[in-house]
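Single chain ahead, by itself, as structure tokens, in the form predicted alone.
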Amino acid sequence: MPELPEVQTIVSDLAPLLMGARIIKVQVWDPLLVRFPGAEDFNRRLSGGIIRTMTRRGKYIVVGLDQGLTWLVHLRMTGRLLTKLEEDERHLRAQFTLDNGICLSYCDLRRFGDMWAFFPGEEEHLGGFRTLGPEPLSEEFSQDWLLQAFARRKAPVKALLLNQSIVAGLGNIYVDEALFVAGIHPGRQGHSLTEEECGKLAAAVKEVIQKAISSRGTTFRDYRSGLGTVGEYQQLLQVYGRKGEECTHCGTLLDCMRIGGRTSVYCPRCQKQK
């Protein structure tokens, strides 16, 4: 699933190309794509709209149009927004034609992606978008925030960091990497983290996210930027996807465990279970 760095890269690539353009044609072929409003209203609302802003919130792409309309996109597992299609593309679900000559295509192998088109006052239809926690790179996301969020929580810290109401935008890749940088075992119960450990973890999350954005995200298979390019952070991964390989710090073989249905890779020596 594209996480914060991948979505940020997509937004950074597309925003300069789309801002100020008018949407002159909307084609949606996948009935599962539109969450709100109905398909006909979605097409009608977007058609003729001028793109004024394009930002990111958590893993969501937030497109602001004129007349107060917001176009919200969540790519989920395999969604891609592209300005140019590959010749063998077989998973085209929607297209948005702009008056500047750009045709923005939405492709999705597994068809889990979602889109909304809403006006102020219709936020009740937005599901998890309404309850997102602070952005990892914001001042609000801090040692004190984590200490408060983890208090009395017995869930594993890995699961808590994946909770989008605690911190927005993190997924399996960057949580594993941040826990390794902070030296914290992914199975530790949230309430067991000390004030100092919460400080290390908040700093580690910020460090990993900043480096991943600079590397334009991580590509294993599906992820492409808005311009169709791949990410480079996979070359810097220290634990994610490396079970059985040597730790880059101490040489111990990396191990893994299942937490909340997710595989978590860690170093038994650098991330001891306390």
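Residue indices: 1-based, along the sequence shown. No experiment lies behind these values; they were computed from the predicted model shown.
Omitted from view is the form predicted in complex with the DNA, to which the following refers.
Proximity to the DNA in the predicted complex, taken as a non-hydrogen atom within 4.5 angstroms, holds for one residue of Leu98, Leu85, Leu72, Ala155, which is Ala155. If you check the DNA in the predicted complex, you find no heavy atom from any of Val28, Leu104 and Gly226 within 4.5 Å. Across the options 165-173, 178-186, 133-141, 192-200, residues that bring heavy atoms within 4.5 Å of the DNA in the predicted complex belong to 165-173. Looking at Ala39, you'd find every heavy atom of it more than 4.5 angstroms from the DNA in the predicted complex. Looking at Leu109, you'd find a heavy atom of it within 4.5 angstroms of the DNA in the predicted complex. Within 4.5 Å of any heavy atom of the DNA in the predicted complex lies no heavy atom of Tyr233. By the criterion of a heavy atom within 4.5 Å, Gly128 is counted among the residues contacting the DNA in the predicted complex. Along 1-24, these residues reach a heavy atom to within 4.5 Å of the DNA in the predicted complex: Met1, Pro2, Glu3, Glu6.
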